[in-house]
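What follows is a single chain, given as structure tokens, in the form predicted on its own.
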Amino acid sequence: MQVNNSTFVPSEQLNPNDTVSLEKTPITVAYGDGIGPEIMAATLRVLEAAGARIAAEEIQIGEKVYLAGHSSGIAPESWNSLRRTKVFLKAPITTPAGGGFKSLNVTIRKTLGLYANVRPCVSYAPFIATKHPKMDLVIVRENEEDLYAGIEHRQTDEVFQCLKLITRPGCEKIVRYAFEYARSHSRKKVTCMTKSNIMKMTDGLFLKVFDEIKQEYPELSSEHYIIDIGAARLATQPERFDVIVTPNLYGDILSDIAAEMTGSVGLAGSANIGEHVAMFEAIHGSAPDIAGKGIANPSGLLLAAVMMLVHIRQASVASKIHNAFLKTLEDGLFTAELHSSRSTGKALNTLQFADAVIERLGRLPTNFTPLHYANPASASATTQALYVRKALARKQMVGVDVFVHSADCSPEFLAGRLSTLATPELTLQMITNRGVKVWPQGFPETFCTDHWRCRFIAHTKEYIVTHQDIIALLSRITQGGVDVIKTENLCTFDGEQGFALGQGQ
């Protein structure tokens, strides 16, 4: 039985002969909330016993910091540690109930440019029950943008908005990372999952970049799935996947599902990789309901620490710990979460499980294939840029979408009102409600809210719209008593339309 050997450095080949410093590597450690302090203590206990050469400095994050008045969950001085050590081993935290508190994970990932979230999902059958004993895949999730940009607004009484931002740099970095990861880890296939059939511009860009970059890796198989059928296939046939690359939201959902399919999300660690800083964590939450009972499973954080050790070029220690972990599973030793009739003796508490791993340091598993990590090559060996900025396109404005708030009116009434307020340069072409065209020639069956998109287009194809034209239009509309929510300029880029049609247009 084989568990794949996974390390986490983009665009670099592995070189087991690289020299390794015997000096201690500074890392930043956060014990977190709930079960966080317990599983962190167990993890550091194993690392120390295995001879990990680390110098840990602790920072406070999470619930206490939130309640002390820091809405991000991290105090300003803690950033200094993260930027200095560039390596963060983080336990789960609790976000207080109620509004006003931002996700700490998202804040750290975006602030420090941790663009790649890497989650190996491996089954440990027959020692841990799973319906998918041959599962061995890695999900590479874009980590900084998509709906996780967190740009939300309430626009009317009835409508709220969340902006989905997909960028070419973000797509190129994560897709190239996935292919480099597959190449350097002897993986055979990279699968892209999007919803490009519906979101043709945002997810369409992600797929377009995937199709471009895959040409640079002819030795690797590649494929694309629409996310719904891709998720269905993952749930029933995970063995058909190897490396999956996907935008942020889909990757977040898929990776938790895949981890649970291996037997438990408590087994999964993750790496958050950037060009300058890396963060390592378990994928599960702080589980406050069992905090302080000493029964939490430290496996996810321990395996995240294994990833960290490879990242800081202590591959031999990482191998020693991971093999001891596998041997512990083979010997039927588990915490309460995974204890079953196949287990040996009673369920272990958190520190007892750590001690069981320590006892097996230096021993190799017999059912699982022993792991032998290699240190990543030095950064100077990287020749492939993650992203190359391209020449600017020729951008021309051809119209504007004006979003307005208007309750208790028909599309025909609104169209008549706006048509009288239009300017000679800009003509009302279409009105949509929740994306569906309701004027002209809308259907009475279409349900409408109080939020309308009103598209104005240049009066001739040859006319180039200016910002002054849009200002003049907005001036007439607002003076006419219409409540304008926002506008979106309609542009072409090198002649290619840079905006979507309305549904039904």
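Quick note: we count residues from 1 along the sequence shown, nothing fancier. Treat the numbers as computed from the prediction; the structure is a model and nothing was measured.
Another form exists, predicted together with a small molecule; not displayed. Remarks below refer to it.
Chemist: So in the model of the complex, are Asn105, Val265 and Pro288 all sitting within 4.5 Å of the small molecule, heavy atoms only?
Modeler: Per the other structure, all of Asn105, Val265 and Pro288 touch the small molecule.
Chemist: Heavy atoms within 4.5 Å of the small molecule in the model of the complex: which of the stretches 161 to 169, 144 to 152, 198 to 206, 295 to 303 has them?
Modeler: Stretch 295 to 303 is the one.
Chemist: Among Glu337, Asp355, Asp331, Asp242, which has any heavy atom within 4.5 Å of the small molecule in the model of the complex?
Modeler: Looking at Glu337, Asp355, Asp331, Asp242 one by one, just Glu337 meets the 4.5 Å heavy-atom criterion.
Chemist: Just give me the single entry in Ile312, Leu326, Val190, Ile93 that has a non-hydrogen atom within 4.5 angstroms of the small molecule in the model of the complex.
Modeler: Exactly one listed residue reaches within 4.5 Å, namely Ile93.
Chemist: Using 4.5 Å between non-hydrogen atoms, is Lys214 touching the small molecule in the model of the complex?
Modeler: No, Lys214 sits far enough from the small molecule in the model of the complex that none of its heavy atoms falls within 4.5 Å.
Chemist: Check Ile283 for me: does it contact the small molecule in the model of the complex (non-hydrogen atoms, 4.5 angstroms)?
Modeler: It does: once the small molecule is placed as it appears in the model of the complex, Ile283 has a heavy atom within 4.5 Å of it.
Chemist: Does Ile35 reach the small molecule in the model of the complex if we count a contact as any heavy atom within 4.5 Å?
Modeler: Yes, contact at 4.5 Å.
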